[in-house]
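Below sits a lone chain in structure tokens, taken as the form predicted alone.
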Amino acid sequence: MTSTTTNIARAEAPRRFRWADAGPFLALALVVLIGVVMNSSFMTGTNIANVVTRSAFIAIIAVGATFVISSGCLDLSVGSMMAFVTGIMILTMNRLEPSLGANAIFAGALVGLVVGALCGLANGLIVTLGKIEPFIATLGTMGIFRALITWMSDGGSIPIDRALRDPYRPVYFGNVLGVPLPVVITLIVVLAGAFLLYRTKYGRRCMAAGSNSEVARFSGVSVARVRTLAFVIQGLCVAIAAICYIPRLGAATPTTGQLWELQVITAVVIGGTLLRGGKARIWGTVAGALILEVIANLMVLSNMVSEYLVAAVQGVIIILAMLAHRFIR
């Protein structure tokens, strides 16, 4: 068997359980246990529902980031893209509300999905056709998206029309059989992502492209197409997160989604996906998002560390996760 065939076979081989794969879930259990010990209010139903619901946004975006990172790329623009898509959605809904009423919400959501996909497509084409390093390309689009939302809001905020607030409210505050609706949406996104990554030819090609792009090309895989589609999936996930996020604050501002790229990448990496590509863990990504939110929640509930240091703690976590990946390798 040639080296080319061997590498692709490894990418397409069924995944076997390893204790290292359980790492994110064991870490989540440990963090939850620490929370129970540190604060009696941690395990209340209200607090748990709040933690899980708040983690939904990062988890949804991180599912898309899992595809991008596993294909050998990186997207630093997701936070700014989130703000931009949110602003476009609100402006669309406000403009259509007089003629469509509450149906403007559905129109705004559809526009958001299209805009998110186009933003992802733009990132993908810049990287693949422009042959620019993903880090540099998405660093540039991060600045563009953030500047656009600042310009659209004139440095202030873009609030949703009052007539749409009550009809839109259940998307974030509603529930299905007691389960918060954002959590239900997250579960659907995760299941779809897991199926696409683990059960389809595209998912295998995605990891093959991240594992060794040259070998993948020699094996007939269009690496450019695979990576471009990964960025489109990322854009769609950002749009879905925006749809869930708007009812929470009811407005888009220049600071919406700020530093979310750090949280998303951290969730993906501590979930077991290799930052260099070639290996992806969708469910681990979800565990990573939960770990970040649980830690942030504990920092708020306790007085041991200031809540203003959440980003610093997340930065430490991603560094430790990278060191752990290097040690395991």
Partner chain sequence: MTIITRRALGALTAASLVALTATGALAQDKKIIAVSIPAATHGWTGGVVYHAEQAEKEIEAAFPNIDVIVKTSPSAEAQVSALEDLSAAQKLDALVILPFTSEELTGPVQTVKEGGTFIAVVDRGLTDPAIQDLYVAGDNIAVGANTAKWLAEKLGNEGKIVVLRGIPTVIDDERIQGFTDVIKGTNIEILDIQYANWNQDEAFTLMQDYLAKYPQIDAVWANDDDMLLGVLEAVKQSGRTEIKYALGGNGMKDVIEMVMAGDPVTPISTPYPPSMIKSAIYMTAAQFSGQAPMRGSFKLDAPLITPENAEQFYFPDSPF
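This one's a predicted model, so the numbers in the text were calculated from it and none came from an experiment. Residue numbers count along the first chain shown, from 1.
What follows is about the form predicted together with the partner chain, which we do not show.
Contact check for P254: a heavy atom falls within 4.5 Å of the partner chain in the predicted complex. Proximity of T92 to the partner chain in the predicted complex: non-hydrogen atoms within 4.5 Å are absent; the residue sits far from the partner.
The closest heavy atom approach of K131 to the partner chain in the predicted complex falls outside 4.5 Å. The partner chain in the predicted complex is not approached by P98, whose heavy atoms all lie more than 4.5 angstroms from it. Listed residues R225, R217, R248, R204 were compared with the partner chain in the predicted complex; R248 is the one with a heavy atom within 4.5 Å.
The single contact residue among L262, V300, V31, L275, judged by any heavy atom lying within 4.5 Å of the partner chain in the predicted complex, is V300.
Every residue in the set N47, R169 and F173 has a non-hydrogen atom no more than 4.5 Å from the partner chain in the predicted complex. Of the candidate stretches 146 to 154, 109 to 117, 187 to 195, 133 to 141, only 146 to 154 has residues whose heavy atoms lie within 4.5 Å of the partner chain in the predicted complex.
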